[in-house]
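Encoded as structure tokens, the following chain is the form predicted alone, with no partner shown.
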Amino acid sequence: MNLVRRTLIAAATLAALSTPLASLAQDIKPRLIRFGYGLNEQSNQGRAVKLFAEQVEKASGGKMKVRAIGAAALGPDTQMQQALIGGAQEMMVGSTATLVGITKEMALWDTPFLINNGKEADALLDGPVGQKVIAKLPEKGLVGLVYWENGFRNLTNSKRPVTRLEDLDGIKLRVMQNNVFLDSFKTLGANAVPLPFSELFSALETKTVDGQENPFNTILSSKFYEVQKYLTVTNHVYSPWIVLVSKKWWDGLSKDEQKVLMDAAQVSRDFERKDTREEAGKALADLKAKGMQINELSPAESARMRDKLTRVNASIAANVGMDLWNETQAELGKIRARK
């Protein structure tokens, strides 16, 4: 009997001891955050995600760890967005253009020739207009933290130099899976083909498409110069990226954890914009050195393109809502007046 009693006491003691130990082990297990992105680790996107991860781990004392997963290993932007909405992935950074099917107000950032320079972009995106657009995301299952810079988009192709509007006629041009981009380039005379970024290099290599449009940094880091001969500096659209979080997952975080992520996102935003702009300044020279023929669109040709796209701009205004469109134009007026 004593033996049985001693065994029961020992078992009870062990159970009492093991409970806090199990709880302690659970407490010290870091919260893992899968952060997906489309470009490679050596890109401006990759560098900024790395900094974000370092900031999160440091600020959380190691309680939160970001696993950066690049090169579209978790799928294209559209697939990652759905994974976030469903709660199967925690975070991503991607183009605002691929969000238009989810949140129509994001089409505002696809407006051709809307933004003239980086200072205007920062003030508009970080100001009331940009935040109003971000505020539309939670009802769709996403939380937007900050905008990063993708940059001003420029044309490349393997067929011929593009120096005037007519040169676009018949060029098979890959565009993002977004109606504004499709409509814009069809209006300009190109044969616009929607395609995920992850399939783009192969499509250019096999001549499935003749060309594409992206910022200098992306053209360089993705090695498009290996399969594209001609580059035209058009600066036709300022393209932001946006750092997104799954709302399902975000709602389960404490206020302190949410603050860690938001603070790290803001630090990474400032770093990423500076890094992207510095790299863009060098990237054009690098692309020329790698054999690309560079052409600049003249102000007169830019104006012809802008005029040709008046109908597209009108449809964007109708789609995002005239109140938001008018507020954007008024805000840009204020930003430009501050110079």
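Note that the structure is a prediction, hence the values are computed from the model and not measured. The first residue of the sequence shown is number 1, and the count goes up from there.
Beyond the structure shown, there is the form predicted in complex with a small molecule, which is absent from this document and is the topic of what follows.
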Looking in the predicted bound form, is the small molecule within 4.5 angstroms of a heavy atom from every one of L39, R174 and F197?
-> yes
Among N154, N217, S246, S95, which has at least one heavy atom within 4.5 Å of the small molecule in the predicted bound form?
-> S95
The single option of N150, S184, T232, S268 touching the small molecule in the predicted bound form, heavy atom within 4.5 Å = N150
Any of the heavy atoms of Y238 lying within 4.5 Å of the small molecule in the predicted bound form?
-> no
Residue stretch of 174 to 182, 157 to 165, 112 to 120, 257 to 265 approaching the small molecule in the predicted bound form, non-hydrogen atom distance within 4.5 Å | 174 to 182
